[in-house]
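Shown next as structure tokens: one chain only, the form predicted alone.
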Amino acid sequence: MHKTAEIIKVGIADMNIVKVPDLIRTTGLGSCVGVVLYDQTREIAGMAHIMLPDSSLSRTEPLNKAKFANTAIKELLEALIRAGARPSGIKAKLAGGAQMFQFSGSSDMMRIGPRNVEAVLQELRELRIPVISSDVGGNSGRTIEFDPKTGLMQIRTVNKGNSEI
């Protein structure tokens, strides 16, 4: 009997993994970045909804590793490997990192979206995970859904419609 595909939802500052036939989705990506790590050969994928660039910004204990670029990607990679992904087969796609509000002045603290994207890309570089495609920046929110079977990410962008990477 075939398993019916489910859509696994990833909340804000959350992460999860899926195997075929399931899909994985997150909504509400404004300045946050949705990162998908996947091994298409093993038909497995994981998604993290990253809110902030660095865990040094944390004000709470225990640390929510899914919330920060410098902790979420490592944690997601380890979970995928434990679930059967091959480290050498893992690739990445990402979306989000919008600049949701315009500020007068050029305070780096207010550039959360761009800083999130920079932190995610830096972490992926350090882990030697290739970025296959991305849809980042701008000033519109996004919803993303990933299919580990096809390796395609569906992106719904507020006021801009649908796209696929």
Partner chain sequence: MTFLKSISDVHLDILKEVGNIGAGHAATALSTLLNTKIDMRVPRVRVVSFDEVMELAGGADNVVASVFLRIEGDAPGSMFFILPLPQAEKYIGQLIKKQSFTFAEEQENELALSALQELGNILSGSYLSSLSDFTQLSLYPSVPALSIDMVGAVISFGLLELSQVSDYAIVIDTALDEEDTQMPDSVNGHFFLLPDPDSFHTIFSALGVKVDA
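Computed from a predicted structure; not experimentally measured. Numbering follows the first chain given and starts at 1.
A second form of this protein, the form predicted in complex with the partner chain, is not displayed here; the remarks below concern that form.
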message: So, a 4.5 angstroms cut-off on heavy atom distances: do all three of Thr4, Pro21 and Pro87 pass it with respect to the partner chain in the model of the complex?
response: no
Quiz prompt | 4.5 Å heavy atom contact, Ser134 to the partner chain in the model of the complex | solution = no
| query | Should Leu29 be counted as a contact of the partner chain in the model of the complex, where contact means heavy atoms within 4.5 Å? | reply | yes
Are any of the heavy atoms in Leu127 no more than 4.5 Å from a heavy atom of the partner chain in the model of the complex?
no
* Flag Gln122 as yes or no: does it have a non-hydrogen atom within 4.5 angstroms of any non-hydrogen atom of the partner chain in the model of the complex? => no
Contact check, 127-165 vs the partner chain in the model of the complex, heavy atom within 4.5 Å, ordered by sequence, gives Asn139, Ser140, Gly141, Arg142, Thr143, Arg156, Thr157, Val158, Asn159
